[in-house]
Every structure is written in structure tokens, then in C-alpha cells.
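Starting off, we have a lone chain in the form predicted on its own, written out as C-alpha cells.
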């Protein structure tokens, strides 16, 4: 795996952690609404995850910046801006005296972040797979020593065992051009 594949693998792990953090926040807010937890306990439990969540997301964006993953960085900038704005204005921590008044706003924010981290998880997973597939294709050409013609994986033969097909693949270095015989060519050959 190359560096870009490791980057997106790290992004998948971070997105999964942030996703589970938002699920925890939503469960805790639901517990507060149903009076299973009091506001002081809720705020003490959630406040310990607010800064690590923001730092983890910012760290991921910095890594995207240093590796030149511009699309991933641009997708993450709006949420980073929102987190930075909340920290600068000192509105990032939950206050037990105002939690019931601001609960709908906090829930909307958590659902927004949940959707964002879910999309980020799938985007990073797709980018990781695409990078590894691209890396595998270029490493096959590098191993052969040339990239002047494509290498294809074509089935050599197929065996039938009880309803299952087993294909043995063979590496083809060159694709031979087979002339296509149109009906007019066939008619001229028959004469």
C-alpha cells in the first residue's frame, strides 16, 4: 500500500470513531429527554468528548492538507470552520443550566455531524479502495518493467464443478488485434 492508501485508511478509522461519538451524543440527549440522566451528569459526560472530537477532525484535515488530498480537505473545511467558530466564541462546552433551552439546537447539530461523518466514512472508504486498485494496476506494470501496453487478466479456461465455475487467470502481456470480418469481407472471400 502506498501513502495515499494509508491516509484514506486512517481517514476511515477516524470517521468511524467520530461517527460513534455522534451516536453516543444523540443517545445521551435522548436519555436527557426521557429523564434517564440529569443535566449535570450529561454535561460532564459529553464535555469530555467535545475537544477530542474537534481536534480529531482538525488533525484529519491537516493530514489531508499535507498530503495534497484537496477534495477531502475542501469537503471537511465547513465543519472545521463551524467547530473553530464555536471554540473561539466559547460555545463549545455544554452548560447544565441551559441544556434544556438549547437541546433542540444541540440535537440538530449532532444529527448534521452524524450525517457528515457517515458520508465522510463512505467517501474515505471509497477513496481507499480506489487508491489501492490504482496502485495495484501500476505496480503490475512496474513489475514487468514497461507501461507501454496494458496488461490484462483474461480467463485461461473454465472448469465446472457442481454448479460452481472456477476460473484460472493468466496474465496477458499484449492484446493481439484480431481482424473483424464483416459480411462484405466474408462474401468476397467466398468468391
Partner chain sequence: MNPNQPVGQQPQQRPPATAPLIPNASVRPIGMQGPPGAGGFRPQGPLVQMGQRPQMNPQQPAQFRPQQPMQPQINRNPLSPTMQQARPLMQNSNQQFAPQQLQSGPVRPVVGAGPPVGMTSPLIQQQQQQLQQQQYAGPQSGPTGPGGPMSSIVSPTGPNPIASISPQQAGVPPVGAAPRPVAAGRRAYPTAPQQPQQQQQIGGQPGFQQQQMQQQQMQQNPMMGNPYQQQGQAPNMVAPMGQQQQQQQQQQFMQPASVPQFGGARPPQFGAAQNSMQSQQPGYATQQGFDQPQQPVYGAQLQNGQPQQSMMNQGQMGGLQNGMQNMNMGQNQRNPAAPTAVNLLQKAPSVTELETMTPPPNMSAQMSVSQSPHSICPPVYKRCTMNAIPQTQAILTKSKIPLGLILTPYRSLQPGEEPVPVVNPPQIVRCRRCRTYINPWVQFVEQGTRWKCNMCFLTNEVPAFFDWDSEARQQVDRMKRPELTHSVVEYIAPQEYMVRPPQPVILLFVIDVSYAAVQSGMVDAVSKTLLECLDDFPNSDGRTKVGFIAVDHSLHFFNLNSTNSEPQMLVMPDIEDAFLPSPDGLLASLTESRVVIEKLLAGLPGMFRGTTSSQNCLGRALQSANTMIKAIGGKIILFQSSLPNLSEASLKMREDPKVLGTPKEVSLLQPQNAFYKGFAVDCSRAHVSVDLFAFNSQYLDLATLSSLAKVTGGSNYYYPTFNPSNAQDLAKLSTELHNYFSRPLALEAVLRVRASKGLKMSRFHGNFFLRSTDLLALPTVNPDNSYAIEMEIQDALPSAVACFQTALLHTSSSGERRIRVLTLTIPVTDSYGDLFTGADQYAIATLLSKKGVEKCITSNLDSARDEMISRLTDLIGAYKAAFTSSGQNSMLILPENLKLLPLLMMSTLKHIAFRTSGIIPSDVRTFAQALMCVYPTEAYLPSIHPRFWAIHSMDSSCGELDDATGRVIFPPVLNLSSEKLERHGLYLLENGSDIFFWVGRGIAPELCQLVFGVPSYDGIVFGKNALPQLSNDWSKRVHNLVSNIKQLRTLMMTTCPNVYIVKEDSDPNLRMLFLSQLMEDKLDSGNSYPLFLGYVREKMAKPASMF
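Residue numbers count along the first chain shown, from 1. Owing to the predicted nature of the structure, the values given are computational and were not obtained by experimental measurement.
Below: the form predicted together with the partner chain, not depicted.
Can you say which of 32 to 40, 62 to 70, 124 to 132, 46 to 54 gets within 4.5 Å of the partner chain in the model of the complex, counting heavy atoms only? Result for this chain: 32 to 40.
Decide whether residue 96 counts as a contact residue for the partner chain in the model of the complex under a heavy atom distance cut-off of 4.5 Å. Residue-level check for residue 96: yes, a contact with the partner chain.
Taking any heavy atom pair closer than or equal to 4.5 Å as contact, tell me whether residue 100 reaches the partner chain in the model of the complex. Flag for residue 100 set to yes.
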